[in-house]
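Take a look at this single chain in structure tokens; it is the form predicted on its own.
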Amino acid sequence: MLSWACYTANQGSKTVRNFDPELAEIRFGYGLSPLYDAPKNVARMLDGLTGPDDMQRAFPIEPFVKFRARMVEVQRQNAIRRKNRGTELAAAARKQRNVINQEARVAMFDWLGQTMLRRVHTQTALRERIVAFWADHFTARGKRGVIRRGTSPYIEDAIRPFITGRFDDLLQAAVMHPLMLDYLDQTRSMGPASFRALKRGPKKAAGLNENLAREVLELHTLGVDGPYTQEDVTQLAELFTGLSFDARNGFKFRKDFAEPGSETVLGVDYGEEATVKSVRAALRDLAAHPSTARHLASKLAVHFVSDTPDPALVDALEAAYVDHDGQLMAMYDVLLNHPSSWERSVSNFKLPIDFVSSALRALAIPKDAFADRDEKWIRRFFGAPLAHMGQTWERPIGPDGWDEDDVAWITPQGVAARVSWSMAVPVRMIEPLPDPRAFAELALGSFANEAVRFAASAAESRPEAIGVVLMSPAFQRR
């Protein structure tokens, strides 16, 4: 197996015959911008993934290690409240806990603004798209209390730093992260023969929880049609017992919860002693499985190119994963150099937040556009409209993330919400609005056909004309 450094050194300079800078921004980024030039070639796009993370610095989002301080303080206030029930001290602690929860909610919507500004002002848009792709692949959100607001910090810690490495490192970072453990109820999973279960006795012991094990096999690695059985799910769930966290220290392994004895997953035995090392070994093996390569290849092709991608592209992505030991950059290289990735027909319907982000990018919203805006304003112009379009901010329906199928988003309510946002919100974002005919050219480039140009020039008002461009099929798809 080659390392990524060896791989890139051996590639030489490849030229994509039908590379299109405009299509690169539309299909693999967040659309054209009047502020930033489109990438000149594939090499520039790949370099943008490994270069300095300018957007993370320019538009910071709280890392989870800092977010945990909020959780620690909530626990402290809850302890004060329990110890002093019925007193003024308890009432004050309850009030302070509520303040912390409110601050976390406000921060959560601030991070929505920061996420969109990263997309608006990035000169390496593929990086933001890749982060969003893996964040969706490893969908996680907190269940209750302040941790419900921790998705963006989770992405900063468990996803963003790992997008250019090997998949098994990304897999371990996401699966063993406190937010994922909370989301899939892993902290309550107890081995039936564990020390803690035996001490509690059969009437009080918590049971084995298979949620995390099932999603790791079905969603994160092998795929829903992967070669695993219910027994593999149970065995992996037993292997995972002990994975836990606390607010003060983050991830921890609870040996008293861990099921003793060996577990066998997909025919591989993981030893007699329950340890983190055994868990990591199982995740590495799952990452290396051929079915994982196929599953990830299919997801990448569908997400970036088409709901029905060229089978040859999927095959090439799969081969890149296998041949280069799960190096994700090798897959991105194949994705960007495959001929089918550069077909001019734009087919994938943008998800709501991608549509809004690309609209703001085309409008060249300033970097400080949200600096003086409060949570109510962000919720009004972004949070609520996204929910009406069908994509509530950081509240996916299930652990499989947001639907990739276009028909899930082309609904009467969803399209109506896009129309409403397109006609009413841009005028609130920037003044004066650009000339509609010029905007059509800036937003769509050579994808702006005569019908779009005519509709923009014939609209009764400038806000309506801008809305017409944003709602055109060429802008809605990539």
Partner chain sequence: MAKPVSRRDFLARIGLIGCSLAASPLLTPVSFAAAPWDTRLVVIILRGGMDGLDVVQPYGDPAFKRLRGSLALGPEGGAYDLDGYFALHPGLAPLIPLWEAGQLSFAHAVSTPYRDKRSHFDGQDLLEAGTTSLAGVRDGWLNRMLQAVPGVTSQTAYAVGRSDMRLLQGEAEVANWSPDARLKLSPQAVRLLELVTETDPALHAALSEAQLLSQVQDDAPKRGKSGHVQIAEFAAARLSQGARIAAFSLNGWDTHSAQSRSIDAALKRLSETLLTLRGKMRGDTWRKTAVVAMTEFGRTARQNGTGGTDHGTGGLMILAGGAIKGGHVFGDWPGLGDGNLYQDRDLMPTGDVRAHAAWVMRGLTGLDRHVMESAVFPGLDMGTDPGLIL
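Residue numbers count along the first chain shown, from 1. The structure presented is a predicted model; accordingly, all values stated were derived computationally and were not measured.
There is another form of the same protein, the form predicted together with the partner chain; it is not shown, and what comes next is about it.
Heavy atoms within 4.5 Å of the partner chain in the model of the complex map, among the stretches 139 to 147, 155 to 163, 267 to 275, 369 to 377, onto 139 to 147 alone. Contact check for Asn98, Val106 and Asp354: none of the three has a heavy atom within 4.5 Å of the partner chain in the model of the complex.
Taking non-hydrogen atoms only, Ser345 never approaches the partner chain to within 4.5 angstroms in the model of the complex. Among residues of the shown chain, Arg196 is not one whose heavy atoms approach the partner chain to within 4.5 Å in the model of the complex. With a 4.5 Å cutoff on heavy atoms, His388 counts as touching the partner chain in the model of the complex. In the model of the complex, the partner chain sits within 4.5 Å of a heavy atom of Ser420.
Only one of the listed residues (Ala281, Ile397, Ala91, Ala79) places a non-hydrogen atom within 4.5 angstroms of the partner chain in the model of the complex, and that residue is Ile397. Here is the short version: of Asp315, Asp169, Asp323, Asp185, the single residue with a heavy atom within 4.5 Å of the partner chain in the model of the complex is Asp185.
Within 4.5 angstroms of the partner chain in the model of the complex, the stretch 452 to 477 places a non-hydrogen atom from each of Val452, Phe454, Ala455, Ala458, Ala459, Glu460, Glu464, Val468, Met471, Ser472, Pro473, Gln476, Arg477, taken in sequence order.
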